[in-house]
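First, one chain by itself: the form predicted alone, in structure tokens.
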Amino acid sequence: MDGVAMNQHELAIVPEGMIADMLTREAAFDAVEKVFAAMAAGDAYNFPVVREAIGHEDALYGFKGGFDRAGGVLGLKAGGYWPHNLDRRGLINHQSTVFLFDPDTGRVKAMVGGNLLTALRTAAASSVSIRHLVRKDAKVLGMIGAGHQAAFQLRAALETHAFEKVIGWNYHPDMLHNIAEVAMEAGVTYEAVDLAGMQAADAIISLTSSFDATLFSEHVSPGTHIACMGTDTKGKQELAADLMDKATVFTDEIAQSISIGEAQHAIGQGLIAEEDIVQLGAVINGTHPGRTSDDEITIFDGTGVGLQDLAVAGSIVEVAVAQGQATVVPI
């Protein structure tokens, strides 16, 4: 949050309704890419995740936090999943707020709406993996999942790489219009396929909430890059474990990948080891080569780390304060 014209006795508030005007996909991409690099360099680290079923409204609630020494950002995101919100109240099911603190004094510095921020930073993470791991000649993007997050993912991916065609599959085919419309808006050909049709994809973004594998080895062609973005809880699974074994696996944070991410299953079955997993930040920093051949299958296990939220929130606050859009109150 360098450059923010605030003193230690002030708090900046950026409510949810202002985020769309404050945050571009490009800014989200840059913030996430930088924090991945800082994590791999040992300049930033995440705190243990707290995630609990609260016994009310079937909700899951928790905290993600961390400290980025390089970026000067300290804080946490509080929130979770209220599965009945959309049906009962017309609100999205995921609700969150980000709190930033001054790392020099510990005093609260900012409060930022976290809903749209979370969607954009998640899309940015998969796009960072596409930028650094997809084959340069990749033309076809596969989308598995067509829920709320899918449109954000697809827009970001199409801005990151010059895909010429999008193919889509969803458990509920009637929702595929969510990605078809984005593809058409971008002037890209779209086609609905079955899972076997994913063999035509050069890159695949998978973002389901499944607890059983959806994508199997026979659905994936050599040279494909897969951004697996849906597995963020113990027990969830999008990819068959043997597919992880056939690929080079990258992630945002190794500890989360093996505990609550996609790697938990392949690790549990002894197919891969913790040392087989590479932080994507190492590729960004140039300390790992990333993709080494056109036939190599690469997987990004995007578990979603608190530092992503904090980096993007810090970027939002800088813009909001500089433009005089944030509400600044004394504390």
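These numbers come from a predicted model, not from an experiment. Numbering starts at 1 and runs along the sequence shown.
The form predicted together with a small molecule is left out here; the points below concern that form.
*Asks:* When you measure heavy atoms, are Gly145, Met229 and Thr303 every one within 4.5 angstroms of the small molecule in the model of the complex?
*Replies:* Yes, all three are in contact.
*Asks:* I need the one stretch from 132 to 140, 241 to 249, 114 to 122, 155 to 163 whose residues put non-hydrogen atoms within 4.5 angstroms of the small molecule in the model of the complex.
*Replies:* Single hit among the candidates: 114 to 122.
*Asks:* Contact between Lys236 and the small molecule in the model of the complex at 4.5 Å, heavy atoms?
*Replies:* Taking the distances in the model of the complex, the answer for Lys236 is yes, it comes within 4.5 Å of the small molecule.
*Asks:* Answer with yes or no whether Met175 is in contact with the small molecule in the model of the complex, where contact means some heavy atom within 4.5 Å.
*Replies:* So Met175 counts as contacting the small molecule.
*Asks:* Taking heavy atoms only, is Gln199 within 4.5 angstroms of the small molecule in the model of the complex?
*Replies:* Because no heavy atom of Gln199 falls inside 4.5 Å of the small molecule in the model of the complex, the answer is no.
*Asks:* Mark Ser259 yes when one of its heavy atoms lies within 4.5 Å of a heavy atom of the small molecule in the model of the complex, and no otherwise.
*Replies:* No, Ser259 sits far enough from the small molecule in the model of the complex that none of its heavy atoms falls within 4.5 Å.
*Asks:* Can you work out which of Asn85, Ser221, Ser210, Thr97 has a heavy atom no more than 4.5 Å from the small molecule in the model of the complex?
*Replies:* By the 4.5 Å criterion, the partner-contacting residue is Ser210.
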